[in-house]
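First, one chain by itself in structure tokens, the form predicted on its own.
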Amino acid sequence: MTTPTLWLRANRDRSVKRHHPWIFSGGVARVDGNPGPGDTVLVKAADSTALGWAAYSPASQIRARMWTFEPDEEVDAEFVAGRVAAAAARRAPLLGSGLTDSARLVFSEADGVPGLVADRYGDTVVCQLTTAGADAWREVLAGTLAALPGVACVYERSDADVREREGLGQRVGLLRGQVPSSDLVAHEAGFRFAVDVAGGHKTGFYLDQRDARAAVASWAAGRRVLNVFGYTGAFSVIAASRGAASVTTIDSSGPALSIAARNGGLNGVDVGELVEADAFAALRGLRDRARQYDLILLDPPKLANTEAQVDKASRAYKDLNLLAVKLLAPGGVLMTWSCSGAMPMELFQKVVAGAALDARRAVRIIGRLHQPADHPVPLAFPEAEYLKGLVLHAD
């Protein structure tokens, strides 16, 4: 039987040799053996050197994603299960620290499992399968996650738009165990946050902002706080609990704000004013009324999915930050983020600097915020670093 083989074009093997996991369609010379979506293919350089094994995705611009850079390694069920178990074991110190019962167990290529994101909330694991390769191993992935100590439920939220680029439809539902309770909460640093497994964004909660939530806790006391794109109000709950003078949360989703109110109750605090509105329009309205805030939290959704969208996203980021800087009281602090992987920190900082210049405010960087340790960034795969944030002080 002929081994399905993907041949790279001449001089297009450097990134693979440097252990970057993506092979784009433009780097492929030919494919032998007629592999289907998600099938494992041997990757060879133009000079016939075997470079490892990858998951094939004929519908995607990323034509293959590397499973292993060891040609002698076999990609089978044991291999895939081992990768998942090893990734989960690396999070054991965090989950055993007493800080939280919720963490990202598997972070796709960063953990050697391309296309799998798995987040744990207590005894419930919520997973997203976003590539043809991960989809092909669905049952193995589900079984391995279900077999982790203390796991009672594995729920799938494979409804991200990226699946369309892989030629895949959406899949949402129970994979193992029983449907999680509507009372499911994530525990973190003494706080409790409701997790909407079936209907929430991503997997139900933003685990990647754990470090940011700790930063908000250190800045909120005595300040008038404005939380824009507040979603279910985690920042607002923390600010209120730390003695903020006032808290206002803006989000376009009424159901999300209802959960924000519930989160206030779960933590015994008044979560403050909840405003259902478009963020751009709401910020312009606050500007026109000459409102001022001492701490503004600006955490928009992903505005650039690809490099082709970066210019448009940059304009939106500038507009948002310009409005936010204008709303800062003298001595105020702005925490602003981009979760667009296509936008590097250098460009994001440049965009925010342009906003401050247009606002005619002297603004200084006093801190930087990143995704936490359970969202690791391999040195050979900088694309895994998608979340970047700035802590800014305005005169």
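Remember, predicted model here, so these are calculated numbers, not experimental data. When you see a residue number, it is the position in the sequence shown, counting from 1.
The same protein also has a form predicted in complex with a small molecule, omitted here; what follows describes it.
Though the small molecule is absent from this view, in the predicted complex it lies within 4.5 Å of a heavy atom of just one residue from Y231, Y155, Y317, F107, which is Y231. Think of it this way: in the predicted complex, the small molecule has a heavy atom of just one of G200, G122, P300, G143 within 4.5 Å, and the residue is P300. Annotated contact segment (heavy atom within 4.5 Å of the small molecule in the predicted complex): 248-256, selected among 146-154, 132-140, 177-185, 248-256. Looking at Y206, you'd find a heavy atom of it within 4.5 angstroms of the small molecule in the predicted complex.
Taking the partner from elsewhere, A221 is found to have every heavy atom lying beyond 4.5 Å of the small molecule in the predicted complex. Contact between V269 and the small molecule in the predicted complex is not found at the 4.5 Å heavy atom cutoff. The small molecule in the predicted complex is not approached by E78, whose heavy atoms all lie more than 4.5 angstroms from it.
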